[in-house]
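Only one chain is included here, represented as structure tokens and corresponding to the form predicted alone.
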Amino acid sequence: MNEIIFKKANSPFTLIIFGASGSLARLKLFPAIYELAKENRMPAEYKIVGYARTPMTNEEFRSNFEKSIKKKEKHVDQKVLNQLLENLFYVAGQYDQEDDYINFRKELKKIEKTRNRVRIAYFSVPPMAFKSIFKNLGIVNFNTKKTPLRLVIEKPFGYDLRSAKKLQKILKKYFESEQIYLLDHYLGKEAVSNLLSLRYANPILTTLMDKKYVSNIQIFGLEKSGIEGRSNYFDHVGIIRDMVQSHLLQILTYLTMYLPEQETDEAIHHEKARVLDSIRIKNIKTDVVRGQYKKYLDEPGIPKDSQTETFAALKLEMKHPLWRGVPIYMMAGKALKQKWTAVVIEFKPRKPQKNRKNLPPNRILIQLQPYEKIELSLLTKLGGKTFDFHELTTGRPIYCSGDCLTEHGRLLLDIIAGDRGLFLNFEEIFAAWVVTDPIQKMCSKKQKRCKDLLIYDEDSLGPKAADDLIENDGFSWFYSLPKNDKSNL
């Protein structure tokens, strides 16, 4: 057996977290940083520096960091955590004030002590703050020969195609393309990146992934939790920008793109963009369902007249040669019955199957959450002389048995190393906005009272109109959970 080589951060770095007082940093970034330290993947010299508008001392920032780790982890290595806390610092300032950045740069020099390092600016802030931070980082010049700067920009990049192109223009004014890391953390999930590997390694999957055999594709991104205190972010974004425009469309590209012979970053980006360019929603009024859970307006910080959707179900079509005529259905939402991220591929019946009525379709299920697995659903005959059938499901978990990290930890190591393979390019982002922009425009015209916004109960599976969307085409949503969870449906 080949020895497993575990990836580590070997060069000194400073990680600057913009929005370090917010929930994204607390829920995702802090645990990922602790994970790297616990796994002994940090270099000898590193600094973590938080920057946000909230006044806070270094000690208060360290206390908040420690609390977030102890809330997330069942068993904390206090020695590792204490060493990590010694390398944590905090600077308060506005995002749009140049003088604050001048002061911030001075503080960084005191904190860093040595200049030979990589600086990473992580944007854990809503898109509305991007423009000011881009400009001030460029004007004040946080990027030097000895301390090159890398910008890590979480999705969504902008609010629509127009704003995304404006942000790109500002970035190009101050930074080179190799400094920019456009991040969708789903691509750091082992199971998502494994979609391409499964297709490359298994020719049967490549053969079957074709309009000749597939009747429909369903992609789910369901969350049991609500907005988890992220009202300032979520109400400006909504589930379509937060989940569909990024995560679910990226899963779709990995699933349906041509597999380039050369597995280069450039070739994969090109094929993903080609898929995205081919996607359209035929009829916005009939092929999109938007919903909002009942208690959303009671969440702290949410305006009482908010029309932000917390649920969406969509029907997409593709002009891509492999997939023309195959409907793709997506469902994403908050405060639902279950947490479930999965892909369901249903196959067309051939003539022998058509002659036997009421047979369920063969399916491939690729589940990403709550745990990773792949299943193939077949049919087998019951005993006796009658031709009655029941489903035979064969499958196994997809699990990481080697160099395993959570997605943010994995992506942070890639950024430190300058590895851009799991990040997006602007061509993909623009193409994804072209898909979702028409939905947002339809509602923005009547924003005060958006008639298509349907109210649904928490702990449900969304509005009934979502079932009608797919059933009108003769299909139905396919939910599959572990046996002990099926009672939740």
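This is a predicted model, so every value here is computed, not measured. Counting begins at 1, following the sequence as shown.
One more form of this protein, predicted in complex with a small molecule, exists but is not displayed; see below.
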Per-stretch contact check against the small molecule in the predicted bound form, the hit in 228-236, 106-114, 203-211, 131-139 (non-hydrogen atom, 4.5 angstroms): 228-236
Verify the contact flag for residue 410: yes if a non-hydrogen atom of it lies within 4.5 Å of a non-hydrogen atom of the small molecule in the predicted bound form, no if not. no
Even though the partner isn't displayed, in the predicted bound form is residue 186 close enough to the small molecule, meaning a heavy atom within 4.5 Å? yes
Would residue 319 show up as a contact with the small molecule in the predicted bound form if we use heavy atoms at 4.5 Å? no
The small molecule contact in the predicted bound form: residue 312, any heavy atom under 4.5 Å: no
If the cut-off is 4.5 angstroms on heavy atoms, which of these, 155, 337, 274, 150, is the one near the small molecule in the predicted bound form? 155
Option touching the small molecule, based on a heavy atom within 4.5 Å in the predicted bound form, out of 420, 62, 47, 28: 28
Honest question, do 250, 265 and 428 all end up within 4.5 Å of the small molecule in the predicted bound form by heavy atom distance? no
